[in-house]
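Just the one chain here, the form predicted on its own, laid out as structure tokens.
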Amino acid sequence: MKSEFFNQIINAIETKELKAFYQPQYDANSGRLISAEALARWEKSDGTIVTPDDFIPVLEETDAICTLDWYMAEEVCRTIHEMGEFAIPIAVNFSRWHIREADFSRKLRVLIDTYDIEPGKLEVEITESALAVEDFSLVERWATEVVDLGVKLSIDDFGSGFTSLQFVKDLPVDFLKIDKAFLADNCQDERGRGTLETVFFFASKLNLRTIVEGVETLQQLKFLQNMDCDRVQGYLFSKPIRKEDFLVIAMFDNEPAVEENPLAAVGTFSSNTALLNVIRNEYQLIVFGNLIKNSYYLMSQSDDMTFGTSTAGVIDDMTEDSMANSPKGYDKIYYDNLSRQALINAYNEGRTRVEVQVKQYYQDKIMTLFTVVHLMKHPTKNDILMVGLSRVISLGDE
């Protein structure tokens, strides 16, 4: 039965019953069409429509899906070529079977060269669940070969499975495509919003761009704008459309699909980003720590000023390293003001802020630092938190 079904798919490809539809993707803030996703649609000659849910899962049970994937990839490359100077990135989905396809990158390169398109205009999507079932070394090699071609790589349906964060941390991924299930409550549930905020913060920390699918309401869009989301797609903007309609929109009628408001881009998340940039410009070193747990991590360090501080570690060890790197007399100043116990004592005395001027050796010079440490209680635990900011006042000879 499945063999007969596969033969029907092959016949549908040959007779052009299988078509690539395109769902536009929009810049979340400007509302302009900036990319698209290609989706397979089967329209039989008698007018019957076979939905993707009826044929793609069957094909995905074996590597038979690869035939459809490569057909779609070629259709996308042809479309990009036809768009010429108006070409925008278009994503095509590939199943997990391709991760073990030995000549995958070669076949992708052949398509790119045959249709003479910029590699960056082609985006490869692989589902989160596909990554989870494969050996990491295979996934890493496959992903690296794809990105080395200049093609963009995105993890589709992020958050729908149980992928190890290693896949996201260590793979050369460009985009996280966030599963539409996150929007199911229309962004009205506090825990749902908190989960989405965490995902966007996670993506930002890893310098990944974000795409959210399934956007259907204005409330969802406004929330995503506040999260500094990059791209959105969904029925609020457009259903998947035929190639000819997509070409008209992309090449001749690319007007904003949402209200173009310069203030719309300044949401909660992007405002926080702007604030952090101001703080980073003011202070060359920013450290966050937990005094009770004796731990810290380096939030920011100036590119042109290396302090020799580990990215993360034990506060007491950082204190010892800093004291050892202080000129005579300033080691005691450092300990009396900035050691973990000194800061705990300050907090217990009711102080929420400690200011001190310290000196450190930097190469063959002495660096004078103004350091301010803000102290606060953890909102739900008995931990004492600190944010330390250090600004270089001067750098001179001993």
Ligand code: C2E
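Numbers for residues come from their place in the sequence shown, where the first is 1. Computed from a prediction, not measured in an experiment: that's the story for all the values here.
There is also a form predicted together with the named molecule; it is not shown, and the following applies to it.
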query	finding
Heavy atom within 4.5 Å of the named molecule in the predicted complex - the one residue of 136, 86, 288, 235 that qualifies	235
Residue (of 373, 28, 68, 369) lying close to the named molecule in the predicted complex, criterion heavy atoms within 4.5 Å	68
4.5 Å heavy atom contact, residue 41 to the named molecule in the predicted complex	yes
Any non-hydrogen atom of residue 180 within 4.5 angstroms of the named molecule in the predicted complex	yes
Contact test in the predicted complex: residue 95 vs the named molecule, heavy atoms, 4.5 Å	yes
Contact flag, residue 90 vs the named molecule in the predicted complex, heavy atom cut 4.5 Å	no
Segment assignment from 333-341, 350-358, 52-60, 28-36: heavy atom within 4.5 Å of the named molecule in the predicted complex	52-60
Neighbours of the named molecule in the predicted complex among 211-227 [non-hydrogen atom within 4.5 angstroms]	213, 214, 215, 216
